Structure formats: C-alpha cells, structure tokens
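Taking the form predicted alone, here's one chain by itself in structure tokens.
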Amino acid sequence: MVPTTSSTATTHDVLTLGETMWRLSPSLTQQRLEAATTLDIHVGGAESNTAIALARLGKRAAWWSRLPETPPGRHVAAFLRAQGVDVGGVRWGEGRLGTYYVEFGSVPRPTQVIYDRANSAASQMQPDDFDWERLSGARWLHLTGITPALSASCLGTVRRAIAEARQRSVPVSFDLNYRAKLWTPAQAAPVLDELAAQASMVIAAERDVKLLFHLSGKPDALLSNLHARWNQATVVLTHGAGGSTAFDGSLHHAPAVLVSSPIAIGAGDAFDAGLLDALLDGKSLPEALRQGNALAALKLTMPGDVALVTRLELDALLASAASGVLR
C-alpha cells in the first residue's frame, strides 16, 4: 500500500523516530583514537539520517525522539531543523545525549565503532511520550530495528508506533538494521521477526536475514520465503556491491552504482530515503530500487552520517547511470 499523492489533510510525507547521537572521530584521516588530540563532531542516527535525506529531496519529514535539554541535545535538534526536518514532536527532558566514536581504518585494519549510548535520553523513550494522533497526517511511518534494541521502553514505543500507524492505515517501512554491538542474534531475531510481520515493507541486508533467521540460498528464494513469513510485506534486500532486490509478488533487481573509494557510513539510511522518496512519488518498485542505490552511492562519496544530496544531483546520477555516460 503506497500513497501516490499528497492531500491537503497531510502534514508530513514521512514520520520516523529513533535515537540520534554525536559521532566523534579523529580529525586526522585514519588516526587512532588513542592518539587523537582533536575530534570532529557529526550528528548521526539511522532514522534522522533518512529523514534529512528525504527533506533535502523535498519531502516533508518529521523525526521524533527524546533529547536532553542540554547544549548537545539542542545542537542535534538545530542540525536537523536546519536540514528541513520537523523536530516539533521531540520530547525534551533530562539525561544525556548518546555518543559514539568511529576510528576509520583501511585494509587490513578495519574501521571501529565504539558506542557510549547506555542510559541516554533516547533510550528512555516511552510509548506515551508522543502525540500519536499526528500520525493521521502522515503518509508514511519509517522505523528501524535499532530503536527496539535500546531498551524495553523503546521496544514498547516501536510497538505502539506500528499499532497506531496500522490503525490509521499509514504504511510502515521497517529496516531491520541489525547491530551486533546492541544485541545478539538470539535476542534480536524474535523481536525483529515480530515487528517485520506487522510492516508494509521490510528492508534488510541479505547478510543480516541469513544470520538472524538461519536462512540460506539465493536472493530470489530468500525473498519469497520472507514475503510469506512476514504476511506478504514487500521485502527489499540489499547486497552491497551486488545492488538490491525486492519481492512484492514479483521479483525485481537493480544493480549498484559502483564507488571507487567508499566511505561506508550511512549508505543504508540513504538507500532507504531514495527508495521511499520514489515510492511516495508514485514510481514503480524497480525505479525505487534504482533510486535507492543511486542515493546510497552518493552518500558513499562523502564523510559524515548524512547524505547531503540535492534532487538535481540525484537525477543527474540516475540519468548518467541509465545512459552509461557520466559527463
């Protein structure tokens, strides 16, 4: 179920909720954290990354969360607001802003991510924190599997969000977004399975569904299995350099746009934004896959967590990829 036009009753094209943090990285390229004397601050969170990318493409995007009434909390809100995201539904209060550190490496030394997000303000989100009636004015709700991993109350909030959306016939996309540093496969699998079965569309990396649900086989068999498992939801699998594949009763595939030196943070969130933007514009699922791949590729060319991309840039890449010529 994909709405193709906005009505005067709608206030937002996409509403999402989750945790957004400060990402701290050494200012010098590939410097070790233990040797750093200065750190760069980036604002990052899966759901807000997607909201920002959508807002930059002209969609009316809103992001909900709990933020601390502190300078770091206000910095996050100001950053999202400056990118065109509505943060009016944020619940403000006490607590701390979650942070995480990224130490960039290159083969054979991998990039390392270190979380410092325990007991953050966002992890204290409660199902009653938000005005769910505002979902009546949204065309789409986008959620990820990161939020339910943060706490029992966050899981309750995600369950409430899905229930409220379904009650109002608002489509729900759910990106599994499995994070091994937040929970084990055994902990995550039953929760993500439950939530995916209630979504209109489920997005996941192929490697994650194989790990979480002990599945094997080629993408077409995986997709058919998951489509049936999750109550005929449209299922989208990403394969990194192998592109993306989807199943909605029919199988669709789109190749990746190759990037020579990828900066691999936030590409999945950009993919989600490109996919949803296309579907909200009434484009076909194959077209949406192509657009998701293109926006993810553009994100891979830039530092930070957010795809700071314009509609003109995205359209130009799609046109050049279709013609085989990049001018």
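Counting begins at 1, following the sequence as shown. Owing to the predicted nature of the structure, the values given are computational and were not obtained by experimental measurement.
A second form of this protein, the form predicted in complex with another copy of the chain, is not displayed here; the remarks below concern that form.
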query = in the predicted bound form, which of the stretches 281 to 289, 45 to 53, 64 to 72, 267 to 275 has residues with heavy atoms within 4.5 Å of another copy of the chain?
reply = 64 to 72
query = Has each of V202, R207 and L318 got a heavy atom lying within 4.5 angstroms of another copy of the chain in the predicted bound form?
reply = no
message = So, G84 and another copy of the chain: in the predicted bound form, are they within 4.5 Å at any heavy atom pair?
response = yes
inquiry  = If we define contact as a non-hydrogen atom of the residue within 4.5 angstroms of the partner, is A297 a contact of another copy of the chain in the predicted bound form?
reply    = yes
query = Taking heavy atoms and a 4.5 Å cut-off, does Y101 contact another copy of the chain in the predicted bound form?
reply = yes
ask   = Using heavy atoms and a 4.5 Å limit, would one call H227 a contact residue for another copy of the chain in the predicted bound form?
value = no
ask   = Who in 16 to 38 is close to another copy of the chain in the predicted bound form, meaning a heavy atom within 4.5 Å?
value = W22, L24, S27, L28, T29, Q30, Q31, R32, L33, E34, A35, A36, T37, T38
